[in-house]
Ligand code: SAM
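First, one chain by itself in structure tokens, the form predicted alone.
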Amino acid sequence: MITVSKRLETIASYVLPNSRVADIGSDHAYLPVYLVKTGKASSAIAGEVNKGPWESAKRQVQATGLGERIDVRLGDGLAVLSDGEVDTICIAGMGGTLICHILEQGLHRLSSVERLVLQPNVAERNVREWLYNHGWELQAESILKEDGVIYEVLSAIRGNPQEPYASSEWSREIWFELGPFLWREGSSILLEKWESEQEKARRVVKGLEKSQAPEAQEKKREMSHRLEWIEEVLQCLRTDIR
């Protein structure tokens, strides 16, 4: 039985059985191999923009004897795909801004795609906002911690992008940052994430206190407001978790 990290296992949990999957930025092709081996994917495309990881992915696929079902391709983002080849796209292990750029540049490749499974390392709010603005309905989210790092995994389908943000508890912009499904779950890992965000904001405010420049003072005001908001978020989370 092939084993993968908890992060990749969580991503795989959102792929429906017998899907045709593209893993963009596949690195060693661990995810496509796992998906095919476990029956989650009937076939897979592993895309890599850099030659080194592309070669590593090819070796991994060859070593597992899955060359007929996993095609390893060298190219930029969704450019490795042709129309109608896949119904599910996974993009993981990179910044949210880059994920949005890849999706934006490859919009014309999404016509046959029914599901996006995305795992941004940072800027998760950007990904939620992109999905909303392009008609993708956020369907589920997970938050996990592995090797001291907190990850968020987002799954979206074509549908009503407004549905997950219908609650008036927070504005849509704030929901983009919090994650509506993560908020409703209210896990201890989510609490830990926002405690970390609180500490980052405090450090920024403290650092800006050393400068009297108008730009620094304006930034300090912005971060102070953010810090107040984070403290409100934490108060709600601590109440719900208890």
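Note that the structure is predicted; figures quoted are calculated from it, not measured. In case it trips you up, residue 1 is the first one in the sequence shown, and so on.
Missing here is the form predicted together with the ligand; even so, the following discussion is about that form.
When contacts are judged by a 4.5 Å heavy atom cut-off, G135 does not count as touching the ligand in the model of the complex.
Residue contact check for E177: none of its heavy atoms lie within 4.5 Å of the ligand in the model of the complex. Not displayed here, the ligand is approached by D76 to within 4.5 Å at the level of heavy atoms in the model of the complex. Residue contact with the ligand in the model of the complex: P161 places no heavy atom within 4.5 Å of it. For the marked spot (I24, A92 and L98), a heavy atom within 4.5 Å of the ligand in the model of the complex is present in each of the three residues. Interface residue among V204, V49, L66, L191, judged by heavy atoms within 4.5 Å of the ligand in the model of the complex: V49. None of 24 to 32, 183 to 191, 37 to 45, 169 to 177 except one has non-hydrogen atoms within 4.5 angstroms of the ligand in the model of the complex; the exception is 24 to 32.
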